[in-house]
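First, one chain by itself in structure tokens, the form predicted on its own.
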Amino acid sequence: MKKIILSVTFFLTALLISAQVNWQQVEPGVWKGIVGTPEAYSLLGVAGISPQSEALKKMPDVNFPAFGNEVVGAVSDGKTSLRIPLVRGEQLYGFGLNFQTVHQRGKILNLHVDHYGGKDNGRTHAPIPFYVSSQGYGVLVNSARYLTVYAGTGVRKDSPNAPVAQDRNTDKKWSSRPYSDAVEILVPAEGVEIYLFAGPTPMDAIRRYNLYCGGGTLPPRWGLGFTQRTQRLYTDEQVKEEVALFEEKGFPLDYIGLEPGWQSKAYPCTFEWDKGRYPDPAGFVKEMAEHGVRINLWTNPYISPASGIYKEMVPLSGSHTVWNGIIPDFSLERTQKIWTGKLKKEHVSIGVSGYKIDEVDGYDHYLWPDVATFPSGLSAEQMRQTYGLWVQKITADMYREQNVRTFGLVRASNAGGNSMPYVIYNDYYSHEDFITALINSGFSGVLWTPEVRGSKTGEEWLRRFQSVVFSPMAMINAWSSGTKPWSFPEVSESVKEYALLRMQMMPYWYTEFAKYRFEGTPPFRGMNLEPGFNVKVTEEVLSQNLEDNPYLEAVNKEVKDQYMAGEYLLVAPLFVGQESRNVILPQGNWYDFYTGEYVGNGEVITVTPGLEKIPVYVKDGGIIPMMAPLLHAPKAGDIVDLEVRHYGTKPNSYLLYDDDGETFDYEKGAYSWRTLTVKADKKNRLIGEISKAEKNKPNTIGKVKWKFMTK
């Protein structure tokens, strides 16, 4: 009898392993599948997503991807396994904010919110369980657990595409990594939701993912200006002096970030002003606003015993502490109410514009351990995976209640945080890896800043600064170094030139972020998402020495040092010690951003731009709306004259976005799209025109001047 039971059990287990996922369409081009019994607590649930259904309806009609019927899942031993098929030549992108690799096929990742420790192993600031395939689809696993991902590494004996065993002794083509035909994911829970986003292109799949998660964030205009974070113990007078120097030297500045010293106590935090360094916070914030500069405050959520809300929060906090500060259980409404009440009273009520929320990511030796407990009953693991989402959502909702947009910094995020008005940063400082992270952010629905902190030379300072100008947040983070834009006199004029260029390009940046919000198109993204970018993936063995590389592992050569910035711009940074570099141009004519000169078509070019320039190229027909190089972003209602640049010879059109730049009134229809059109006249000369302003719609556009860059 026992033998029969065992046989039946084995048979049922085999059936579970081969069980197909039952899919249900939830939005156009989006399907949800369920395996087992998913946990009630999930990433998308914490984020409180609101799918942009109307925008999703405007996307191309697609059928359910055929391979979806081959996706299988099983529940065994309290865990859920997923298997998603792959085909030969298919590449994978995403799985969160990676810093060194763009191609993820062949990787084993443990998706775990953490600081970045120097390796792309899944432990990162935003270990988002979403990936997109070169075949034109995306997959999201909606679980707030530590996930293990085998991104095309496991080889099943019953696979229809199983590789043939090879003899290493005699076969030179032997590989330590035989061909694998599936992504396999282990979820430590007895069920999970899985989402499938159709294309038809990889970009379409990403857009659907972003729109399903609420659309990308639309920052206030001032958020796309320039920001300086001051040293950690600055006083109000030192901040005022720094702001005055920016104005005196002609460097743009939209908001100042105050580091820990603004608080009476930090690590853990009181959320209260230090009366010695800031005796009159309200007066200080008001005075800075009169100079056109907003205030952003550093904090972390761990509450000091000296804070006025400490006693009330003790029963609403976890079992462990961080730097002897209690850990609020933000999943509880009472906790959220007390914390936001404190922030509103101390900061928002006097005009503070936003936050830099630190230390919600990792370093296991100071964050709570996985044995910690929380009053809500959530596990320490679930709290770790979602803490960055919680602090973003709570603070973003607080500003939304005021009908005021914010833009800040955070150390951790996860799936569903796409619409949160935050940019991720960290303590790592590799310029090259910062660019790779910027590329990877576009695959995962987050924003990343390659911030500038300090440099050893003027060359490094300028190269880093050039990159940050072409990123989501133009920031110097001088919390430790105390550096200023003019700290290296030999390059200060070039630094100023790029700071002002950032301001000139604000109409372009603002429109591209509007596309992120309304269409789901990431404003900064990898080259493989650009039409016409066809690079043959090759592999190379880094070391032939068997002592160094005993399994002769080959790695994919990736394009991870150039990227697209908005619809038209290709940015190719240079790093310290480089005087020249190769740039891979997609198919179509491309032109130099600065001169308008033709540079190539679907080829690899070698450029030597000099220290004063970061290589930037514009696709044929590119239309770049620009404004005067103001020292502060335009305020609501300001009328701004435009200079619209056109590149190449191709007639084209571009939709220019406009709203008040500060509130959420655009969600009620208070926005407009003006069409910029370039066409040939009767003499075959290119001319430009702008569509008329819509009645009862925002219109901050003054005179429009056209500049045809290509002669």
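Numbering starts at 1 and runs along the sequence shown. These numbers come from a predicted model, not from an experiment.
Missing here is the form predicted together with a small molecule; even so, the following discussion is about that form.
The shortest heavy atom separation between G621 and the small molecule in the model of the complex exceeds 4.5 Å. Contact between W174 and the small molecule in the model of the complex is not found at the 4.5 Å heavy atom cutoff. In the model of the complex, no heavy atom of E432 sits within 4.5 Å of the small molecule.
At the 4.5 Å threshold, heavy atoms of D254 stay clear of the small molecule in the model of the complex, well away from it. Heavy atoms within 4.5 Å of the small molecule in the model of the complex are found in exactly one of 352-360, 523-531, 438-446, 234-242, that being 352-360.
The candidate spot formed by E459, Y498 and K613 lies out of contact with the small molecule in the model of the complex, as no residue has a heavy atom within 4.5 Å of it.
Of the residues given (Y510, W273, Y425, F518), Y425 alone sits with a heavy atom within 4.5 Å of the small molecule in the model of the complex. Interface residue among Y310, Y598, Y267, W486, judged by heavy atoms within 4.5 Å of the small molecule in the model of the complex: Y267.
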